[in-house]
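Heads up, the chain below is alone and in the form predicted on its own; it's given as structure tokens.
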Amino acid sequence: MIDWYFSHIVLIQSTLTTLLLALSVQVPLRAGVFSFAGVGCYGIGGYIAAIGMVHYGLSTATAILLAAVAGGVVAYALGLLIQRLTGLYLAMATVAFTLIISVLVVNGGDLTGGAAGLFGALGMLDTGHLLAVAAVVVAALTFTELGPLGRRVEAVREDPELASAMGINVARYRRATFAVSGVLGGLAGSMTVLLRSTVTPDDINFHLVVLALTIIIVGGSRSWIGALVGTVIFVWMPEMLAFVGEWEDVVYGVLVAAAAVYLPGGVTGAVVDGYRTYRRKRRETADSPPDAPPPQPAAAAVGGDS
């Protein structure tokens, strides 16, 4: 077991950081906000952590905390700026935000390292630290998915007008999802960079948007469990598909397309729907009256005609 852990430690750590990135997209989607601001904040967090350690000698914890706070503040400000946008227009605005971050760091001079990026930002992180952060995030998100708060978020997603009529401040909830998304993106970016010790503009390009979106499509967007399932699938898929060689990208595309068509709620959505169907059929079977016994044949007449 120990040998397996050390031979797969990079994949395990990548699973945990990618989970945070996926959650930065899943949280807004659960509230009906089609936003990729968390991906842009992934880049902001990564560069702030690297700049803090390389140029200013910050500690690992301070760099990560600063990256998370900066991601949350920037995402909240972005949410205020584009709060009137919805749907695809909102998604495109947040994708543009991510691409703008990439352009800014390329032209950041010595501060960001330009096109070459920054090197030597090695943080004191291990798998235990990542697990602790992921566990705290998952516990907090579980709280938001249950009880009255979870029902209010569902109302904001399903029918914003009805939610507003019920007294729910829809705009405030949407802005809050931007802030949470930014914090999660900043955490993911900073910890990824401090594990790798390097960051370049190519690390925060459009491919991260595609990765986060495919994870949510395949895993499911209604719960953090969907993000976890999708993350495990796509982080470990290259190892599982190593035997197909150059056909790996083809298999990858077929799996994503099949999930989008046949599993519109993702893997977790299919499991939940199957379980609900099973329970409904069991209740119907239990509530249905027992079958009536078959009618008994009439007794034969005794004696014959005289």
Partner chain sequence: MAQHILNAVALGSVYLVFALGMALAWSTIGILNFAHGATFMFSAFTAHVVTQHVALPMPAVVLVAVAAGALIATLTQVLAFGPIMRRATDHRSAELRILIGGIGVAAIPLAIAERVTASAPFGFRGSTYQAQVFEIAGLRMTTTVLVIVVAGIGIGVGVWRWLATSRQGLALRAIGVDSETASLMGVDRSTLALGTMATAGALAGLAGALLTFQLGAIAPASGDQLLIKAFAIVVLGGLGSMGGVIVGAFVLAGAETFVLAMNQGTWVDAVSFGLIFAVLLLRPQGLFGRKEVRRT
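Just so we're clear, the structure is a prediction, and the values are computed from it rather than from any experiment. Positions refer to the first chain, counted from 1.
Separately, the form predicted together with its partner chain exists; it is not shown, and the next lines address it.
- Shown without its partner, this chain lists Thr214, Thr192, Thr112, Ser223 as candidates; in the model of the complex, only Thr214 has a non-hydrogen atom within 4.5 angstroms of its partner chain.
- Interface residue among Gly274, Pro238, Gly253, Gly57 relative to its partner chain in the model of the complex, by the heavy atom within 4.5 Å criterion: Gly253.
- With a 4.5 Å cutoff on heavy atoms, Val261 counts as touching its partner chain in the model of the complex.
- Of the heavy atoms in Leu208, none are within 4.5 Å of its partner chain in the model of the complex.
- Contact between Leu78 and its partner chain in the model of the complex is found at the 4.5 Å heavy atom cutoff.
- Interface residue remark: Thr142 is not counted as part of the site for its partner chain in the model of the complex, having no heavy atom within 4.5 Å.
- Stretch 95 to 103 is the answer when you ask which of 68 to 76, 224 to 232, 124 to 132, 95 to 103 has residues with heavy atoms within 4.5 Å of its partner chain in the model of the complex.
- Along 74 to 93, these residues reach a heavy atom to within 4.5 Å of its partner chain in the model of the complex: Leu78, Leu81, Ile82, Arg84, Leu85, Thr86, Gly87, Leu88, Tyr89, Met92, Ala93.
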